[in-house]
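Starting off, we have a lone chain in the form predicted alone, written out as structure tokens.
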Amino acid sequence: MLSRVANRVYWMARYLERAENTARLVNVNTHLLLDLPKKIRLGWEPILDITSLRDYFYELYEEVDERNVIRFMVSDTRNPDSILGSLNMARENSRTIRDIIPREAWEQVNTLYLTSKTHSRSAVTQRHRYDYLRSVILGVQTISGMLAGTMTHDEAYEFLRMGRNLERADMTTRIIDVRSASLLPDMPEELTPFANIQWVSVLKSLTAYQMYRRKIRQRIRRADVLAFLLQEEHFPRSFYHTLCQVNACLDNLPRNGKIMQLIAQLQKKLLRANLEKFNQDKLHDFIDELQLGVIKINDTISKNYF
């Protein structure tokens, strides 16, 4: 298999996952701001922090308001991590490997990009935003299902799964880091019930709320949410599960020893962590270590195979 092809498959999957994750973030933040009382102002800056795009945003826009952030995160092609930017890169990568992926999957990627581009303005208004973002999420999930059901599960498919799961791992840590830091700081006592709403938003950002409730049949607690999103073995978007999936993909690829060693070290560090005793500063430092681990795994994959 050509390294160029493996690289394109890997990044096609990452960009598709990035577009879906961005759509989830914007959608959940919209609903969170509607649920919280007016005296609590979280605004739209946390979205920029989660995606590490605050500095770049200020190069293009003067004010952090809802309209500007939505444009920046949805339709501004100057932002490569916007929904349209990610879908465009996924489209370009899939276009060059049309002989590797099923034709129907390529057509679906192309259609999703063109449709999202045509209707991107509708995301600016709250009235049509949910339908637009939902169409992006379902479009990406359709492509993932199509690839799982119609693409030969050979080396190319393993690179696709690795890209998707590393992107999920990265986004899970980003959401936990930023959202937990902005969870109603210095909250008056009469507003403490709304802390629960924000932890629900953390779960919903990863479509984890219902599965969390199935496993944890008690009120929502910080430590339980962290354990579920970071250490749960069976939930597809938990950090530990994504590492397990990448490791399983590497089992079917050559020259995998160094990368699997890095994954094993990161898994050991993750499972040894007593998350219930972590204050916010310690949690932030721990998540930084996890993110650096993901970056190192990604760089080693690129050096080894691409």
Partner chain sequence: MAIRWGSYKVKNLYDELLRATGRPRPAAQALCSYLRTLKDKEIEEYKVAAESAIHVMGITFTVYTEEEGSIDRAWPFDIIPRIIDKQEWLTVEQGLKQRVQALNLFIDDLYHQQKIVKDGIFPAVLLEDSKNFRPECVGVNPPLGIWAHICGSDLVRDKDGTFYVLEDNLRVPSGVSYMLENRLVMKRLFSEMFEQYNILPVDDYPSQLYDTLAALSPRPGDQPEIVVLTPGIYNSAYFEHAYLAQQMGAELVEGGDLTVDDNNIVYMRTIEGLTRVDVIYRRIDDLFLDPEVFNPDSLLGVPGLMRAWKAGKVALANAPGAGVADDKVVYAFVPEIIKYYLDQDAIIPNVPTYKCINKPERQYVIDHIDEMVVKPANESGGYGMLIGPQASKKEREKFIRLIRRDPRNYVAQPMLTLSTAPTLVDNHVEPRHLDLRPFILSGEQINVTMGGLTRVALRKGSTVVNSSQGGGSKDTWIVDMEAT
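Predicted, not measured: the structure shown is a model, and the values here were computed from it. Numbering follows the first chain given and starts at 1.
As for the form predicted in complex with its partner chain, it is not shown, yet the points below apply to it.
Taking its partner chain in the model of the complex as the reference, which of Arg255, Lys268, Arg54, Arg67 has a non-hydrogen atom within 4.5 Å?
It is Arg255 that has a heavy atom within 4.5 Å of the partner.
So which of Glu232, Glu92, Asp224, Asp177 gets a non-hydrogen atom within 4.5 Å of its partner chain in the model of the complex?
Contact check passes for Glu92.
4.5 Å heavy atom contact, Arg214 and its partner chain in the model of the complex:
Flag for Arg214 set to no.
With a 4.5 Å heavy atom cut-off, would you call Arg4 a contact of its partner chain in the model of the complex?
Although its partner chain is absent here, Arg4 would touch it in the model of the complex, with heavy atoms inside 4.5 Å.
Looking in the model of the complex, any heavy atom of Arg103 within 4.5 Å of its partner chain?
Yes.
How about Tyr132 - does it come within 4.5 Å of its partner chain in the model of the complex, if we only consider non-hydrogen atoms?
No.
With the partner left out here, if you bring back its partner chain in the model of the complex, are Glu107, Thr111 and Glu155 all within 4.5 Å of it by some heavy atom?
Checked in the model of the complex: all three residues contact its partner chain.
With the partner removed from view, which of 291-299, 278-286, 20-28, 5-13 is the stretch that lies within 4.5 Å of its partner chain in the model of the complex, judged by heavy atom distances?
Within 4.5 Å of the partner lies stretch 5-13.
So which residues in 292-306, when you check its partner chain in the model of the complex, have a heavy atom no farther than 4.5 Å from it?
Heavy-atom contacts to its partner chain in the model of the complex: only Tyr305.
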